[in-house]
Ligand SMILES: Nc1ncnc2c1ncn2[C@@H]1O[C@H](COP(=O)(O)OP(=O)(O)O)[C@@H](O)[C@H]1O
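In the block that follows, a single chain appears as structure tokens, in the form predicted alone.
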């Protein structure tokens, strides 16, 4: 196992009090596997990534364990973290223009990672920078090393970010919305590039996105998050064919499908609640059309449907055969397939 999160909780200080941002987040990533983390803005996807990278404010309270190759990252000193970040563990951030330094050439920014984590000579580093630019599919690599971020297109800047992240062949690559600002053609090229680099280096990837099309294209397993909690996780095919949590169903129903004509796409009413205004019980209850009184009182347990598929919902209480649930004035019949 490459990465394992166990009951990770994160609290940040807001308005002179601590607010829970992540609530007992648990999942794992295996070597050579791409795991997608999906959900609306504000559900905790990026904060999960920043917790793994330990890029958090000094006063943040992080609990639980985050094991990278059997070493607990939460116990690392600043010096130990500096050796791991950019070496074993790398991250591609959402906006390459704000992530790259406008005052330095792209070649110098890639070389900086090699200076920190390798014993290569100056000429070897320069040669490696050119190789990395070619690996990420950028033309005229020898000239590009002398150019600045503002001289490049969005797709080229994103490839530079990938080159920086891949410089030391990391074991785990975290991608936070890596294709959001790109057009569809460039998006497809970037995803194909990341897939080929993953196979070449046998690394694990965490793909953070709100685009379920990206998930279907590149991921092996999917983690669905809502209000700082994992509400469902499954293999990618299983999740799309047999979603169990009402939130996951809502996300999938909002995707337009080829050959299917709809006047109005499905949508989930309301918005993700603020971390300091979370309801008691199931955090999704106020937006769920199947919500019962129990949902508003108690947090549902994580139910294991199969070895690889689990969801946190009171509709999934383990019973034999059929289960009848009252929701408002309706009587809903749901059949659980185990």
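Computed from a predicted structure; not experimentally measured. Residue numbers count along the first chain shown, from 1.
What comes next is about the form predicted in complex with this ligand, which is not displayed.
Exactly one listed residue, out of 66, 43, 29, 311, brings a non-hydrogen atom to within 4.5 Å of this ligand in the predicted bound form: 43. Remark: of stretches 284-292, 300-308, 44-52, 66-74, the one touching this ligand in the predicted bound form is 44-52 (heavy atom within 4.5 Å).
With a 4.5 Å cutoff on heavy atoms, residue 25 does not count as touching this ligand in the predicted bound form; it lies far away. Residue contact check for residue 269: none of its heavy atoms lie within 4.5 Å of this ligand in the predicted bound form. In the predicted bound form, residue 316 stays away from this ligand, with no heavy atom inside 4.5 Å. Heavy atoms of residue 12 reach within 4.5 Å of this ligand in the predicted bound form, making it an interface residue. In the predicted bound form, this ligand lies beyond 4.5 angstroms of every heavy atom of every residue of 293-307.
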